[in-house]
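The form predicted alone is given below as one chain in structure tokens.
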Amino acid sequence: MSDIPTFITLEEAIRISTQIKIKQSYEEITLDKAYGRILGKDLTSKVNDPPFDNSAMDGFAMKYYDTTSPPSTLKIIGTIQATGQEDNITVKSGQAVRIMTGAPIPKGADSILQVELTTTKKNLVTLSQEGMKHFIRRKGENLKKGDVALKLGTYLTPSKISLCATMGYSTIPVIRKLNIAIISTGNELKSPGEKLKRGEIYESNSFGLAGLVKWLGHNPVRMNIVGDTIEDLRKILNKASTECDLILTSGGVSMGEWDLVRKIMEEEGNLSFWRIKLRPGSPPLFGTWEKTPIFGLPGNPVSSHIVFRMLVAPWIRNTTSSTEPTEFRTVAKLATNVKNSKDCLTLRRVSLIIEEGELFAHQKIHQGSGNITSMSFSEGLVVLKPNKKYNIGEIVEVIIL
């Protein structure tokens, strides 16, 4: 244990952990199954978007110089629907064409006026103002054929899936989802719904961690609760290492006699570091068990959530070449006193309130690391640097929950 880094900064922990990667594989899926997946390669557009100059409005297409002295009356010479007949129509001076949104611009036309700014009588249209050149959407103004529109590692949101379809893809390559084992440890833990005896509590960490794994686009594998024996712990770690790409344990990483995850990793695993300068959440460890990466997370639920967001999530993003989804950060004014640490990066749970156009951070709930209610009813985490005094009214960085 003497040569293992201990009580290191979060940045150093991220650097050490991301040196250990796993081999990634890929699969081809349809767009219907793409939500929340991670793109497996750069995607180039198969088409121009728009594929031709087209109208942004229902209205009339005409020559702009015919509209500079409104009201202007022009002769209607035809109609172009979205399917387009522009090859059969050429607009000349004094003429206009009725046009639908998305329809190709006919030859000779260089402006559009929306239908509600016109009146028609038989085959004549009167324009109440000048034509709008910017109502013409130009060929390739959104995407040009061959351009890279989405990069490897992109987290596929609904709008990005729509973009894949716009580019002409019915199937796309994605990174295979990681299978991530989640193991909670401790004799005191019982599954929700079971009857509790004195000294027992319901196990909750695995459910929260499973949600965080899904948030990143991967498969959580919740395994059985493990009691406080080295034999049971070894057995389930061996099972997880053969079935999953990453192991997350919860509990058993501190300095107590029954902190068996730390002990077994010291004696039988390959430990890369133990304890980081982060509060809540200072006792996590990282290493490999039978060549499978493992993060040992604290047992307190707030600590396990924060360590996942600040340490595990960066590792998962790095190993899958993804930058998303990431933590959204903003700034706010402190509205209440907050306590930081002399030597640790400290994250305090706060409520965020807009007052007179400014965002204020209020610490309303007690900050015990066992109080998952404080995470559930808070909107953000105030980021407090070590050994710095923070005063009410000071601008601070906030991670949005």
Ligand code: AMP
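All residue numbers are counted from 1 along the displayed sequence. Owing to the predicted nature of the structure, the values given are computational and were not obtained by experimental measurement.
One more form of this protein should be noted, the form predicted in complex with the ligand, which is absent from this view; the next part is about it.
In the predicted bound form, the ligand sits within 4.5 Å of a heavy atom of Asp259. Shown alone here, Glu130 lies farther than 4.5 Å from the ligand in the predicted bound form, counting heavy atoms only. Using a 4.5 Å cutoff between non-hydrogen atoms, Thr320 does not count as a contact of the ligand in the predicted bound form. Taking the partner from the other structure, the ligand in the predicted bound form has no heavy atom within 4.5 Å of any heavy atom of Thr118. The contact with the ligand in the predicted bound form, taken as any heavy atom within 4.5 Å, belongs to Gly299 out of Pro293, Gly299, Pro280, Pro104. This chain appears without its partner; in the predicted bound form, the one residue of Ile230, Ile201, Val331, Leu124 with a heavy atom within 4.5 Å of the ligand is Ile201. Using a 4.5 Å heavy atom cutoff, none of Gly59, Gln95 and Asp110 lies near the ligand in the predicted bound form. Heavy atoms within 4.5 Å of the ligand in the predicted bound form are found in exactly one of 310-318, 177-185, 141-149, 271-279, that being 177-185.
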